[in-house]
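Just one chain is shown here, as structure tokens, and it is the form predicted alone.
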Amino acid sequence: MGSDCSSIVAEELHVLAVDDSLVDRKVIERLLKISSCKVTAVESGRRALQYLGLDGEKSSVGFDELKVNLIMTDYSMPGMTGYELLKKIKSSSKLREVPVVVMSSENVLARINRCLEEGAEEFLVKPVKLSDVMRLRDIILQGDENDEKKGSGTGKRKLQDLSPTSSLVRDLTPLKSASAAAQQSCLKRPRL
């Protein structure tokens, strides 16, 4: 019976994917569907706010009418950045507990730290891989099971502690150093 419950929970896992790039949106959507997630994909931060009912419009779908377990947003989007969307979600009393993952093709440590300090659960460097999505799904499902055991569904779920010494940030630092070293070696090479 326990496996039946977990398969039902997995089918109900709903992810809102936000990305202005059609190609990136389709890739994320495909990875999430392979991971047995329900996916709603939108093209902008403003559209995400409308979907979540945070735009102040009466015609919006109310958040009470849907359950989003995770929001994945691109950082760089026209109009409203993923960082601005993150801030709006975390300032909402209805949505602040929903985990938000920010994605970017740019590996900028200051950007990563700013998102994590604002409440992002994780920051993924694109291209996002199936292993990233599976890990996020498993952690969210584990968080839901822990909330049910405690008898409270209101506790904040942390996907991962991403302090400056965490593996994600530590893994990014060598990339930055390697890139700097490569640039230095290019500068030292004599021109032919």
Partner chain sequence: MEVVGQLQKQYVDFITSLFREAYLDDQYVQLQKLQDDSNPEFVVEVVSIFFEDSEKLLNDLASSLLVSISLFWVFILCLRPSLLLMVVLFFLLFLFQLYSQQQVVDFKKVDGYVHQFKGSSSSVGAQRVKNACVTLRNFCEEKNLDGCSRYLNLVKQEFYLVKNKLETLLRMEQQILQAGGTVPLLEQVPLLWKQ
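Numbering follows the first chain given and starts at 1. Note that this is a predicted model, so its numbers are computed, not measured.
What comes next is about the form predicted together with its partner chain, which does not appear here.
Shown alone here, residue 42 lies farther than 4.5 Å from its partner chain in the model of the complex, counting heavy atoms only.
Of the heavy atoms in residue 31, some are within 4.5 Å of its partner chain in the model of the complex. Contact check for residue 27: a heavy atom falls within 4.5 Å of its partner chain in the model of the complex. Within 4.5 Å of some heavy atom of its partner chain in the model of the complex lies at least one heavy atom of residue 106.
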